[in-house]
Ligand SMILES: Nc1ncnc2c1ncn2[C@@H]1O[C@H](COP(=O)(O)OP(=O)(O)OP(=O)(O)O)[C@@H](O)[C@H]1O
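Only one chain is shown below, in structure tokens, and it's the form predicted on its own.
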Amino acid sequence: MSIWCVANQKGGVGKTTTAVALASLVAAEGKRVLAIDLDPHASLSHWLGGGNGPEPRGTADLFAAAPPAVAGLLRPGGASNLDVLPAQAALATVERQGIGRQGMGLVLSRALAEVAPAYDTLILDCPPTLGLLMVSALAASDLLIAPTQTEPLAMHGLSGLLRTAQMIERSRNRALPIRIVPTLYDRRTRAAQDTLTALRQAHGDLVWEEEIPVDTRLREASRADVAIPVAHAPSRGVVAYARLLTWLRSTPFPEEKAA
């Protein structure tokens, strides 16, 4: 069982699309997947069959003084083998509620331990801000996946995320491998080409050797709150995410080979 955290401290970089695509692809293999939505905007929850109404219960409840059993918060994710732990708007108040409470950074780790044995992969979709929710997700994870849009401003959000990941590594005394995924790549633009070159020069083998292209079919799927078509005539974005999934599973980085 693996826990993957999809995060970046900048919004609009393809974070939720990456989480949904990877969850859909793993589930299509016949493996059990739990997608956990930690963003108050609940984009992943709505995309994976949540409808338009607010979630009565979900990830915000995990941070209560007396949290409920996690199994009671799960719902089907709109595809076989895929479940969702939905987000709620109340996640926006978790930071304030946690003031003065000890151990809040480990809440998610403890909660996911309850249900992890039932799944092959857990995928966490984080909010685009550094705070308790992102720190909790990083502390609980085996792998950090950092979607990074190929445009100059996205590089700044990535730098902040990498510093946060290093802090988490030191505090938990355990490695947190990082995979950087270039997203929303438009090879027709000079800005995208230059940013991709700068990204690879700055971070080397941490960066996937391919890119996730701009794909209108993925955008349409998210807008319609329908599952990503991964089986029949998949779009070029889905094909790219399938190759990314292979890389995530099979490519150790130099610093990990000796571990």
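Each residue number is its position in the shown sequence, starting from 1. Owing to the predicted nature of the structure, the values given are computational and were not obtained by experimental measurement.
In what follows, reference is made to the form predicted together with this ligand, a form of this protein that is not presented.
- Three-residue candidate spot K10, G14 and D39; every residue lies within 4.5 angstroms of this ligand in the predicted bound form by at least one non-hydrogen atom.
- Note on the interface: of 210 to 218, 24 to 32, 63 to 71, 193 to 201, the segment with non-hydrogen atoms within 4.5 angstroms of this ligand in the predicted bound form is 210 to 218.
- Contact check for P128: a non-hydrogen atom falls within 4.5 Å of this ligand in the predicted bound form.
- Not displayed here, this ligand is kept clear of L82 by more than 4.5 Å at the level of heavy atoms in the predicted bound form.
- Under a 4.5 angstroms non-hydrogen atom cutoff, this ligand in the predicted bound form lacks A111 among its neighbouring residues.
- This ligand in the predicted bound form is approached by L184, whose closest heavy atom lies within 4.5 angstroms of it.
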